[in-house]
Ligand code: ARG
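Consider the single chain below, provided in structure tokens and representing the form predicted on its own.
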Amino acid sequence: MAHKLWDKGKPVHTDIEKFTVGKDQEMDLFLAKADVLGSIAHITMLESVGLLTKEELTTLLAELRNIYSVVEKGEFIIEEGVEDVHSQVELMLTRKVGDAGKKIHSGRSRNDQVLLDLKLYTRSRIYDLAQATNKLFSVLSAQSEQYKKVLMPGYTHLQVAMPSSFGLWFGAYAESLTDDMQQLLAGWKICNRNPLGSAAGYGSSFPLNRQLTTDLLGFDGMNHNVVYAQMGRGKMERSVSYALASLAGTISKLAYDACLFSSQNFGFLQLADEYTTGSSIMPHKKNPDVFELTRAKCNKIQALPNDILLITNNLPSGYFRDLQLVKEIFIPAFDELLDCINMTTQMMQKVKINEQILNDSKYDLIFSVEEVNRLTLEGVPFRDAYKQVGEAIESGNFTPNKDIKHTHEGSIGKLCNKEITALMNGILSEFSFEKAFSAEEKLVNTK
């Protein structure tokens, strides 16, 4: 028997039902834990304003915590004929506690319910991403320190240009992650505001206490205006997706570098054998398939903000069913990006570096700028020094001096890794993870 919160007894054509439900049940399984958490906070508030008795609250809390346990064990399902996670939770409650289960929807709509679920889900995934990103950052920073004295060519236009180092290369991607973390923090702050109580987007005539649910769920604040709370559907996902895309951009570029530098024509680094694959006909091949797939997956994730924008950008205020489709592309992106970050972390931790790259004479000319600068420091006007070195190169008389000294901040000789780490730690400290997740723990703690 079909169970829908809006069911008025009139049957819906099966094709219509299939079309409108789409992948919603599949996506809603990801939101089950959040839905139960939101319901616990909501009914606690309902009792405080007289819409539930203390006895009803006690009974409902016990059963919701049982359902939460079922979700945590991976045993929660949305039954055949049940429309979504909200309907399933309410059905399970009503079966166990009777009429009290029918009261939990007072003062809310599926609109603010799914808004809340998405925000609770998203902030848990932002935490996962922040932890994984910080782990990769630590690996890159450590590798930057370990190989800070190993020189390598730097490129512009994919032509050898100037001396670089593995300290700079690893460290560059570490610092890139600090900007990505800053974007993730912006997404967290937009996400971490409570929409519950906005109902269908126009509030409620019940005397709801929205500050109470905000506090119970550990939000930093609420979406005050109820119309804007609904307008935030899609906008929150798009804002967070920009952070995912930023992270994906860093990982994709790193993956491309690793593929390029591990090829025999470069030979700058070697990927650990266990992270490469072979060929069906070429026995010598050790292919960087993991990084190639990482690059492709991350490039796909970089399209996510635009995909969400195209679903949501021509909608007026109020709720529309179009927004349902955002879940289908937004929710899976977290696991896909996390997989890429985790694989990249493992591979960067075990990568082997060629420490003799610049012994090859084909890289001698990258020291030309060093020679120009040396002459300039001795008093030769820069443009004249440039001309002298250029003429020496053209005549085949250029002899490189490989004893280079870069001393300014962020250069080969002064990587500023400690400063970059302090920057990352400062950004991480601005996330209110402890407040959010300790509040959730209190809601489900039966002691």
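We number the residues from 1 along the sequence you see. These figures come from a predicted structure and were not determined experimentally.
Omitted here: the form predicted in complex with this ligand. The next part is about that form.
*Asks:* May I ask you to choose, among R233, R238, K297, R125, the residue with a heavy atom within 4.5 Å of this ligand in the predicted bound form?
*Replies:* Selected residue: R233.
*Asks:* Tell me, which of K362, R321, K73, K102 has a heavy atom within 4.5 angstroms of this ligand in the predicted bound form?
*Replies:* Answer to the contact question: R321.
*Asks:* To test your reading of this chain, name the stretch in 250-258, 321-329, 156-164, 219-227 whose heavy atoms come within 4.5 Å of this ligand in the predicted bound form.
*Replies:* Correct option: 321-329.
*Asks:* Please determine whether each residue of H86, R110 and V114 possesses a non-hydrogen atom within 4.5 angstroms of this ligand in the predicted bound form.
*Replies:* Checking in the predicted bound form: H86, R110 and V114 are all within 4.5 Å of this ligand.
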